[in-house]
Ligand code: B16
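Presented as structure tokens, the chain that follows is alone, the form predicted on its own.
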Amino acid sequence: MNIKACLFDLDGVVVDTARYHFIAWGKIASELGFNFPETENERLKGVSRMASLDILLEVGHINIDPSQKNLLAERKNNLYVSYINEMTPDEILPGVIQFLDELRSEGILIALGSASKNATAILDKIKLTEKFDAVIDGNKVSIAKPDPEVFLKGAAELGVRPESCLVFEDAQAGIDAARNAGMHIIGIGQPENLKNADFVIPGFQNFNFNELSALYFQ
């Protein structure tokens, strides 16, 4: 199998920003008069801001007009940005930097493929921008995962065919997007939450290029 590039989601794969999304959405829910349980947060992973808001409103059994939705989405983003502005490199998930460095030393291209419009700002905050050959974020795509646009654009910027790409994702929407793109997929997290990935690993702390080679290069 000839894998030439690895594409990474951001939230929950490279850095744990999912908790900041949850805190921000929870505050919006509280202002609307209901609690947003953590058990529902899994549904928000890998989807766009407006799609996340729709899920939140569904949980709260609330209907509002489009102009109000835009205001709520903007308020949520402002809350979220205030949280991520305090991020440091210490918040990079265990094993990520070493794994990225191993990929580069082996000549594997590296891209970020995230629905977040704040992805570039986060990479700058955690001082990881230089590790990526391409960054595709919510500002460069018009259709959210599970549409494959974000990953197909990543492959295009790297100059690599989709079938030569391996995606690392922690959300079902992202796994479906990678599958729709015709790419290989390793899920990050718990197998019961990640269907249709080639393999699922808990994270990069005990995962290195030798482990990757055993799965795809032999």
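Start at 1 with the first residue shown and count on from there. As the structure is a prediction and not an experimental result, all values here were calculated from the model.
Beyond what is shown, the protein has a form predicted together with the named molecule; the following relates to that form.
In the predicted bound form, residue 49 approaches the named molecule with a heavy atom inside 4.5 Å. Within 4.5 Å of some heavy atom of the named molecule in the predicted bound form lies at least one heavy atom of residue 117.
Although the partner is absent here, residue 57 lies well away from the named molecule in the predicted bound form, with no heavy atom inside 4.5 Å. When the named molecule is considered in the predicted bound form, residue 197 lies well away from it, no heavy atom lying within 4.5 Å. Shown without its partner, this chain lists 29, 160, 44, 152 as candidates; in the predicted bound form, only 44 has a non-hydrogen atom within 4.5 angstroms of the named molecule. Note on the interface: of 188-196, 49-57, 63-71, 31-39, the segment with non-hydrogen atoms within 4.5 angstroms of the named molecule in the predicted bound form is 49-57. Counting a residue when any of its non-hydrogen atoms is within 4.5 Å of the named molecule in the predicted bound form, the one hit in 151-177 is 170.
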